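To begin, one chain is listed below as structure tokens, in the form predicted on its own.
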Amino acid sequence: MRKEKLMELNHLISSFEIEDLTPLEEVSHFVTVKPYHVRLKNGMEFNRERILKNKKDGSAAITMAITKDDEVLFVVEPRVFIKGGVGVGLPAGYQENQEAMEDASKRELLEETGYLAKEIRVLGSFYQDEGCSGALNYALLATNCEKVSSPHLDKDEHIEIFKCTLEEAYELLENGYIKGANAELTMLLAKPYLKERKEGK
């Protein structure tokens, strides 16, 4: 990886390091846990808890976005409950009102980065945590993305954009900068399509 790009990324990460993390007394209105009693046809019975996000499962689109200049867009943001407190990942966001995942991907990409996806492909889908959630996440590949606006972030959303070459993106994955399973799986699913795209040029 180019030395200057690694320095840029490390600077973004250090700017989001946690200085203080104080528990609040108030109850969350976004994440809720709902208990259920389950009875199976074979007579087995047990209890389970279901995690809901904004009263929904929290299904999301995770997008590996490639710009017109063949750079990969990453988002660097506080992830305060992971080791180090900062995540390097791909643009992602929740599905709204049963919209198509391609539409969710385009909307979230535009909101988080200001880039518009010209071409988009669903790579696959996977459950985030089958034991306590019905969230079905989708991995997508967006190509020929073009900057059309500034990001439009939510009040408590803090994101910096990091761009690098495809080769450098996979170096970041190999070197442990990208630890989120959603981003890692999306990048691995994208690999054959990116190879096919490169050979087709």
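In case it trips you up, residue 1 is the first one in the sequence shown, and so on. The structure presented is a predicted model; accordingly, all values stated were derived computationally and were not measured.
There is another form of this protein, the form predicted together with another copy of the chain, and it is not shown here; the text below is about that form.
Just one of K68, K55, H37, H152 has a heavy atom within 4.5 Å of another copy of the chain in the model of the complex. Which one? Spelling it out, the residue with a heavy atom inside the cut-off is H37.
Quick check on I51: any heavy atom within 4.5 Å of another copy of the chain in the model of the complex? Answer yes; at least one heavy atom of I51 falls within 4.5 Å of another copy of the chain in the model of the complex.
With heavy atoms only and a cut-off of 4.5 Å, decide whether V148 touches another copy of the chain in the model of the complex. Because no heavy atom of V148 falls inside 4.5 Å of another copy of the chain in the model of the complex, the answer is no.
Contact of P78 with another copy of the chain in the model of the complex (heavy atom, 4.5 Å): The answer is yes: P78 has a heavy atom within 4.5 Å of another copy of the chain.
Using a 4.5 Å heavy atom cut-off, state whether K83 contacts another copy of the chain in the model of the complex. Answer yes; at least one heavy atom of K83 falls within 4.5 Å of another copy of the chain in the model of the complex.
For this chain shown on its own, do M7, P91 and E171 all sit within 4.5 Å of another copy of the chain in the model of the complex, going by heavy atoms? Spot residues vs another copy of the chain: no contact at all.
With the partner left out here, which residues of 13-28 have a non-hydrogen atom within 4.5 Å of another copy of the chain in the model of the complex? Going through 13-28 in order - heavy atoms within 4.5 Å of another copy of the chain in the model of the complex - the hits are S15, F16, E17, I18, E19, D20, L21, T22, P23, L24, E25, E26, V27, S28.
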